[in-house]
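Just the one chain here, laid out as structure tokens, in the form predicted alone.
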Amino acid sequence: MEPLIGIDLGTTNSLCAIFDGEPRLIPNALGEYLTPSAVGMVDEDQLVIGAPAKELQITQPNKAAVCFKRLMGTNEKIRVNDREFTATELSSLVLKSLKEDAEKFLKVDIQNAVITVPAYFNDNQRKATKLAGEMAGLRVRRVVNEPTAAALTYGFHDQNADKKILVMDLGGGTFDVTIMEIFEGSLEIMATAGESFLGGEDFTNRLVHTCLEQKGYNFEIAELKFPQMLARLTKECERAKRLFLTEESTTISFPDESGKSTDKIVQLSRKQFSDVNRHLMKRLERPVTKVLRDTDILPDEIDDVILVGGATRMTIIREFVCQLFKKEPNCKFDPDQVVALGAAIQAALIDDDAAVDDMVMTDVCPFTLGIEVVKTFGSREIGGYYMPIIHRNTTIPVSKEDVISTIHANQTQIQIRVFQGESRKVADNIKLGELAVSGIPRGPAKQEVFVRFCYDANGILDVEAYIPETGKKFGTVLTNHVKGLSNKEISKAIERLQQLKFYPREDIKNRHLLLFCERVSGDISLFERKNFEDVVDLFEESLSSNDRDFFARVRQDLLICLSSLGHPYSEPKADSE
């Protein structure tokens, strides 16, 4: 079997691991586990990756690039020396370096990988990560959320646990929060939230701003005119941030405008560090509150708070956890390493390794998936509004349906535009694709069309439209970020999604039952009608729920209600259908 490695592609550092009975880290060429996510160019054609590039960024910042993960999924260019790169291209160079290190250590060719991403990465960012892997010569078998990978590490080493855990993942440039439940070897993701532009680098930058202000410099001017000074000061502030883990105060050496050391210092205390980062802590608090609200879980109902990412070592982060959850965080595993170890466990799950036979993992859809609709305001019809079909934090794989309708008389076709995001207007969300629906029977406005979404952990979205009046179906499969799967694997995934589909509305027996209920509604007394219509309404809701148990239970309740009213229902015989 070809080896399948797990890679944590980080904002500040990256690393990889392999599963061999248990997850173990793979050292780089320098014998270190952490490889700085930095790319430098010594001359026109000589690239350096990792630690050398990080050092180059301090002495000659124009010749190196760091923190480019934040620009994944964008077209923004990053200048390194006299050349321009995208974040995807720079990330591919880091991934290629990790791949080569793994090949030297394991003494085999590496073709397959699982790569982790922040849970709140959108479709474009995930697609860019996949592309970076392919450019590095890797077949990306799965993109897995970083908090999920971290939880897999804890779950693998404590498979008999029964607890609710919250994972706070604060890396160099991104922040994720995920609530999950571990029980009997199963790991169920319940909710996730976060920010793609919030990380440890922001805390360092606040120190940089503070030092510049004390010495009378403007950050933007310093960035433009004195890059060497800014690079050296950033390194000093990073050192000071680490010292605050154990020291109440420290001094920061302030360099001159060419980046050389001077006798100028800035004195800062741990309290000042907390004060200048207060607004960042407010930003950290929002996603935490959001996942607690989405799961309807109180802070004291969380059994363990797991800290992931090097930035969680900061004292203010641990104080925040203790204050909100009234308990010390769980840091059994190194926060810098736990995601890569979890990626290796995910790789073992994909390979059906016997060591993880008893582990089961369910994930959630981190973003809402929906379509563009038109809203009516008085006599005006305005498009561009967003109607969710699958809400964020829905357990996947999942199948959901909703109903839309024509807006004009004799309208025979509809263009369904599919989006991902949380905004009420599609302009602020990400377009995933389109589906054309035609052959709608002519008639007045409000002719119904049912829209159905099926979504799985691979990122495959099966979109289907159904015209109830004709029974005609239209469909498309959106595979925007599943490039790591072969055509055969995509076909198998689509087959599994087909098995998820449960649409009792199409069954003639259920349509007949609804028509029967319409007749009964007119025959029973006014005193009985309200309760009866509530039962019928619930039955109609169950037709779109895609929940077989819920539908069966509600249908049985409706049949019992009909019998109690003296109108027992008999299903139509097969030959009458």
Ligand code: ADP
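Residue numbers run from 1 along the displayed sequence. Here the structure is a predicted model, which is why all the values come from computation and not from measurement.
As for the form predicted in complex with ligand ADP, it is not shown, yet the points below apply to it.
Enquirer: Is it true that 201, 241 and 314, all three, sit within 4.5 Å of ligand ADP in the predicted bound form, judged by heavy atoms?
Expert: Yes, the whole candidate spot contacts ligand ADP.
Enquirer: Of 106-114, 218-226, 172-180, 343-351, which is the one stretch near ligand ADP in the predicted bound form, taking non-hydrogen atoms within 4.5 angstroms as near?
Expert: Within 4.5 Å of the partner lies stretch 172-180.
Enquirer: Within 4.5 Å, heavy atoms only: does residue 287 come near ligand ADP in the predicted bound form?
Expert: No - in the predicted bound form, heavy atoms of residue 287 and ligand ADP never come within 4.5 Å of each other.
Enquirer: I'd like to know if residue 133 sits close to ligand ADP in the predicted bound form, meaning any non-hydrogen atom pair within 4.5 angstroms.
Expert: No.
Enquirer: Quick one: does residue 370 come within 4.5 Å of ligand ADP in the predicted bound form, counting heavy atoms only?
Expert: No, residue 370 stays farther than 4.5 Å from ligand ADP in the predicted bound form.
Enquirer: Quick check on residue 336: any heavy atom within 4.5 Å of ligand ADP in the predicted bound form?
Expert: Within the cut-off, so yes.
Enquirer: Could you tell me which one of 397, 459, 255, 310 places a heavy atom within 4.5 Å of ligand ADP in the predicted bound form?
Expert: By the 4.5 Å criterion, the partner-contacting residue is 310.
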